[in-house]
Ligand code: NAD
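Given as structure tokens, the chain that follows is alone and in the form predicted alone.
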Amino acid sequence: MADKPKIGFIGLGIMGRPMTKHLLNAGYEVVVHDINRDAVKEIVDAGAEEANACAEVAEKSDLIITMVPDSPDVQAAALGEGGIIEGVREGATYVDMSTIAPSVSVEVGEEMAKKGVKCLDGPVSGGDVGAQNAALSIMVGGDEESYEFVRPIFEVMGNPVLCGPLGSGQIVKACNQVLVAVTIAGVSEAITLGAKAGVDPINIVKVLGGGLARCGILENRGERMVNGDFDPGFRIRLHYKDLNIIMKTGNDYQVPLPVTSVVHELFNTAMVKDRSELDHSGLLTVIEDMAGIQARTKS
């Protein structure tokens, strides 16, 4: 154990819990913190140590990871009262694996650097299934030395790629979320069109999944969509948050995002219709509403 850094993990949601369990199973000592007491108990029962605040996590850890919902949550956990920066030691490493604005990753990194802390951003893709199977795509921003130090830990949870300097991981994650959102919208339209024309939507999923149109959405969500199973792996409100970041990032870099802007409005419609807690594949219900049909399998 001595040659392995002690890891602090903050944020034990749908993604954070399985990620933390993989670290424990790989033999790492892990200190955890979350406002959800049931989630903390689950991970402590699996072998982790509990901390009562982000600062305490940092005090006890060589490497601190955050996996929280949004930019303000990262700012609070890292820089706020009782935050990581109050307890972190010089020479420690901080990795934020949340999906946030690239500018916030840079801001937090600059503040941590003043205390001699190395920083990486490492947002992920793969959803709850990827987290459970240790098959996440991990998009990393930061310097190569820090990346190589953390890489064995990333590899316990998935497949990391160093994308560039700090903030680059968030840029690539934004690109990822563009494709995922647009693909969900396309799959939803295809399923709804076929269903309204009289084809059992499960057959649409099976056929499209075997040709050039095959994709992760069809593979991981297609059958669930046509069964009306929208239990969240990644909630609509979180993807809508990501799309807000994407639209701002496009504006910052003067990149038109015409297709993404339409899908952004579809997700906004889902939010207005109080579907924020559905899985993001629940965007299908918005398209169904427009078509006046419920595209569910008959088999």
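Each residue number is its position in the shown sequence, starting from 1. Worth saying up front: this structure is predicted, and the values here are computed from it rather than measured.
We do not show the form predicted together with the named molecule, though everything after this point is about it.
Checked against the named molecule in the model of the complex, the candidates M157, V124, M225, V108 yield a single residue with a heavy atom inside 4.5 Å, and that residue is V124. Not displayed here, the named molecule is approached by D128 to within 4.5 Å at the level of heavy atoms in the model of the complex. Taking the partner from elsewhere, H33 is found to have a heavy atom lying within 4.5 Å of the named molecule in the model of the complex. Contact annotation: H264 falls outside 4.5 Å of the named molecule in the model of the complex, judged by heavy atom distances.
Although the partner is absent here, A77 lies within 4.5 Å of the named molecule in the model of the complex, judged by heavy atoms. Heavy atoms within 4.5 Å of the named molecule in the model of the complex are found in exactly one of 264-272, 23-31, 235-243, 251-259, that being 235-243. Contacts between stretch 8-34 and the named molecule, counted in the model of the complex as any heavy atom lying within 4.5 Å, involve I10, G11, L12, G13, I14, M15, G16, H33, D34, listed in sequence order.
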